[in-house]
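Just the one chain here, laid out as structure tokens, in the form predicted alone.
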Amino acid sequence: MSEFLQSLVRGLGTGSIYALLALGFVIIYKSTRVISFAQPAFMLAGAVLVSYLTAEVGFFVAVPVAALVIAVLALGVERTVLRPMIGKPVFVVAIITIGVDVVVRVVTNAFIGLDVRQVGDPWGLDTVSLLGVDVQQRYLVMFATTVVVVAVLFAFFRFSRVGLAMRAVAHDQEVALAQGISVGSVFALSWAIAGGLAALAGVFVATGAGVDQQLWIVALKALPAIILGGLDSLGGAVVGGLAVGVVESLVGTYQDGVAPWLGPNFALVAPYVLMLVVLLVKPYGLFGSREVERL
């Protein structure tokens, strides 16, 4: 039982990272109908920025400052690189986001160097007793912070004027434009929010492990999360991210004893197997909207 609880908490912690990244993907997709492949770079840049700021202002100030800076960076990318691409095929815009990802990562790697940088989080690998079982504090912090962030986001989209405008644009851009909503501003804000979420996710990845040039690879786990939950569902992004984290953790814990013939690293591909199984039953994801096109 203790092993299961440890694995579950670890899965919810890592799943929180995937959920934050998946939320960024979905927010951009709902507004622009483009999947942004620049999220891994923003995640890496956020973690690196915190590693530098912590020594100057402390960890708890560095995190929101870094999230704000990366949000502004993402907004700037949308304004300068992607705004001129409005009206172009979605595939072209997606390819451009890959180019943005490469450029941002190359620049960020210059600030990392060959050593592992620490973000200065106060938890490290320290443990705390939960129901009589020792679990790492960082996983509890990840999960609790994600719950708060998700609650604030959902309240923002449901009750604020700007959030309602973003929902209107996600539903129908032409109708929203006719009602006086600035669609371009919604695009920019979507990128800013996604950038801030990616930065926070990057900090969580680096807690206890540090920042290196390969940290961005973690963001690839958010792709099965958004497909699992549904490309256009914010709630699905959260559920998908947590599900991917829990499945990955449980498979890593029990697979050797149950199915050792699958190999020692099967936990790494387990999220993609889960995604394929769900798509066989629900082609649009668990919470995705079915799209019907009339000819």
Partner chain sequence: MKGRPELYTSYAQDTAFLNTRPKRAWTGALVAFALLVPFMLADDLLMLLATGFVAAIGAIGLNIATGYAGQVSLGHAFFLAIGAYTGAALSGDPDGRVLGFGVTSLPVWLLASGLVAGLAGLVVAPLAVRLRGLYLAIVTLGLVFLGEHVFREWTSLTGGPGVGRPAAVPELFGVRLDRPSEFFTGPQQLYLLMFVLLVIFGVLARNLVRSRIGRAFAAVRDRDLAAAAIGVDLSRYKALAFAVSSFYAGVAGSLLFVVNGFFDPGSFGLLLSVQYIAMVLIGGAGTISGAVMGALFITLLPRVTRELPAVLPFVSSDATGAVTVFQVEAVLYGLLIVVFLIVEPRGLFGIWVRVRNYWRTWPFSY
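Just so it is clear, the model here is predicted, and its values are computed rather than measured. Positions refer to the first chain, counted from 1.
Although it is not shown, the form predicted in complex with the partner chain is what the next lines describe.
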- With the partner removed from view, which of 105 to 113, 170 to 178, 144 to 152, 199 to 207 is the stretch that lies within 4.5 Å of the partner chain in the predicted complex, judged by heavy atom distances? 105 to 113
- Message: Within 4.5 Å, heavy atoms only: does I35 come near the partner chain in the predicted complex?
- Response: yes
- Query: Though only this chain appears here, would L262 touch the partner chain in the predicted complex if you measure heavy atom gaps against 4.5 Å?
  - Reply: yes
- Heavy atoms within 4.5 Å of the partner chain in the predicted complex: does G230 have any? yes
- Tell me, yes or no, whether F91 is in contact with the partner chain in the predicted complex, where a contact means a heavy atom of each within 4.5 Å. yes
- Message: Can you work out which of L164, L130, V183, M85 has a heavy atom no more than 4.5 Å from the partner chain in the predicted complex?
- Response: M85
- Query: Taking the partner chain in the predicted complex as the reference, which of V135, A188, A71, L223 has a non-hydrogen atom within 4.5 Å?
  - Reply: L223
- Item | 4.5 Å heavy atom contact with the partner chain in the predicted complex for all of V273, L279 and Y284 | yes
